[in-house]
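The chain below stands alone, shown as structure tokens; this is the form predicted on its own.
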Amino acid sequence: MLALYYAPGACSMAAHIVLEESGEPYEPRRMDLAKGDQRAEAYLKIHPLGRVPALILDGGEPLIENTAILPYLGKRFGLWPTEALAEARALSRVGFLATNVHPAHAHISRPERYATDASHFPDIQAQGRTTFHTLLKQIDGMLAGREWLSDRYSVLDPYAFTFYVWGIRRELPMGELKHYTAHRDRMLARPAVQRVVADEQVKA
């Protein structure tokens, strides 16, 4: 059985939704980041960076990073493109979300990662906020004229949904992103998403 280490409202929400969508039994292992669960010695053996998500595979091997976890789960549960070019495009979008959108938000939430002088934190956060908002607008553009980020519903959509939730958290004008907001609404109509939103107690 798969097991997922996740934290409410973190980027692990994407994998959490995918596992709920699958209908396959799995073990959710909730982490309290505020209490430092991610820094426990036992967890650092699973994820040396002390972050979520971490997926424990059937044989007990850990898999970390959304760029690996989401394609793996997508292929396992039929939520990933099979045609070569469609798969390449999906990988491109996973990479965009993981290496551009997520780090932009980290400049807001974790400025200490980018400077040791706290006097620089406000500037880092301000620039991060601007960049994050700009990237969310790009996602809005990707969704123009389509229901999902790929040709059909896939693991890309819970990942994109996670960043919409983060935009709300940062009080960005998300309602102005009409295509992205419509995507959020389609996500919230899915029972698996409803269960995860309730469990993680996020505002969507």
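For clarity, every value in this text was computed on a predicted model and none was experimentally measured. The first residue of the sequence shown is number 1, and the count goes up from there.
Another form exists, predicted in complex with a further copy of the same chain; not displayed. Remarks below refer to it.
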Fill in the blank from the handout: Only one of 63-71, 32-40, 175-183, 145-153 sits within 4.5 Å of a further copy of the same chain in the model of the complex by heavy atom distance, namely 63-71
Practice task
State yes or no: in the model of the complex, is some non-hydrogen atom of F77 no more than 4.5 angstroms from a non-hydrogen atom of a further copy of the same chain?
Solution key: no
Problem - Touches a further copy of the same chain in the model of the complex: H120 (any heavy atom, 4.5 Å) - result: yes
Handout entry: Contact label in the model of the complex: R89 to a further copy of the same chain, heavy atom within 4.5 Å
Key = yes
Handout entry: is_contact(H105, a further copy of the same chain) in the model of the complex, heavy atom dist at most 4.5 Å
Key = no
Problem - Residues within 4.5 Å of a further copy of the same chain in the model of the complex, restricted to 99-120 and counted by heavy atom - result: T99, N100, H107, E112, R113, Y114, A115, T116, D117, H120
